[in-house]
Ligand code: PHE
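In the block that follows, a single chain appears as structure tokens, in the form predicted on its own.
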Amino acid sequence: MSDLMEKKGRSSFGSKFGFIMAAVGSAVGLGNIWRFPYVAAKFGGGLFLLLYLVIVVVLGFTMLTLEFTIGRNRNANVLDAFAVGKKKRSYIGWLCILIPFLIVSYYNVIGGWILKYLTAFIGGGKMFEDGDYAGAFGGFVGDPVWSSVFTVIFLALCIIVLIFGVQKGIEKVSKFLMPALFVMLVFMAIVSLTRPNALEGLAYLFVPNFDSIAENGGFLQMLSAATGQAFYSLSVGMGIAVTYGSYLKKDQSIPQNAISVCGLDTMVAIFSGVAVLPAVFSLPGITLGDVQGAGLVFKVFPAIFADMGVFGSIVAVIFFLLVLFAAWTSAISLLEVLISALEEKTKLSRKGATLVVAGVILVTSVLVSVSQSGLLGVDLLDVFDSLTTYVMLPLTGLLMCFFLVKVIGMKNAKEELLLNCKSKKLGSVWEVAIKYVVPVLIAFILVMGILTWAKVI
């Protein structure tokens, strides 16, 4: 099967830098900021970091190049990308539609929370005057009206970008947001290192701790945490890299771009650890259990900012802008998967497809937001998050490996991969990784994920 010719009129990224910033924007998200520091500290600090770096190289790089290769080779949206061969694997494409749909439905809600806190600190922080940060967060999240309003505003911010398309929308905004995010992250790391007991926080991140590994299930649990974090952090298995890869021009090197994305995403994760852990452990009474998820961002950090005095208000605004940019670029990439598929599978214009997707996501996002108040009797955010993270992402990743080998074929895939690539030996190593190493790792993630999901539900 030969490579598809580029389709006339189909969107593409205008520059290598623009593509990398957009791809990094899709990868850098809340998982880097509020999940990585906790997981690293929980599973052995420096030992986890070493294992994580190995996993990023073996699993992350391989999967990212695999998806870019499928996307550019097929030059199509995720539905058409997998609808090829005698036995069409359209179900993989539909999984790549369902996963972003579920994730962005709750991502918009969290984005709305971030917007609320950003505006609250810009307005002087009256929301937190009584010092009850947990109560303030619970009160806002439990209000179905105002939490939904901010959810809609966040979704609108994403749609404003997406309606302009790939080059004038996604690429243009990413080229501004991602450098700004890096600058703010460095600033937050410097501020964090000036806090009392900063070295204690750094020790959680960089000093090897065998006891913490043993206390949290041993090496297999650490391996599961590292592979799962790399999988989610790089946004593989979601169809995003396939979609963005389909916009990648033939004169671009897939391996070089993938190395840049993996490297920058990992750098953000580590800097997030430096920005989070020293700051958090500067407060008395904080335990490792406080350093994760929404509680970290919306309950712990407001207390840290209050402890900084007047300077804390400025730092708070910068911090929530940082988190907003991370959530914004990730949500944009998730929505683009849906918009691209709808636009190319129907006669809708870019604007029309964007507005239709926005309308559907608006409904599901509001439902997720309302579910946080208890009115629906189920927490849709937890349901969507656990289902996609523990089951659907690794399953889709595994299916993509089989698709590349069985349908596209390794010969065609390696030809696509090695276009404008100086190292021709990479193809052989890549083939071994896709056929044998990566499927075993993903199968391991899937089994561990199903067991974890069974406990969650």
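Numbering starts at 1 and follows the sequence shown. Just so you know, these numbers come straight off a predicted model, no measurement behind them.
The same protein also has a form predicted in complex with the ligand, omitted here; what follows describes it.
The candidate site formed by L59, L395 and I445 is entirely out of contact with the ligand in the model of the complex, as no residue has a non-hydrogen atom within 4.5 angstroms of it. Interface residue among V291, C158, A279, L334, judged by heavy atoms within 4.5 Å of the ligand in the model of the complex: L334.
Only one of the listed residues (A341, A275, A81, M238) places a non-hydrogen atom within 4.5 angstroms of the ligand in the model of the complex, and that residue is M238. Contact annotation for G31: at least one heavy atom lies within 4.5 Å of the ligand in the model of the complex.
Heavy atoms of W328 never reach within 4.5 Å of the ligand in the model of the complex, leaving it off the interface. The ligand is not shown here, and in the model of the complex it never comes within 4.5 Å of any heavy atom of N108. At the 4.5 Å threshold, heavy atoms of A27 reach the ligand in the model of the complex. Heavy atoms within 4.5 Å of the ligand in the model of the complex belong, among the stretches 73-81, 361-369, 166-174, 229-237, to residues of 229-237.
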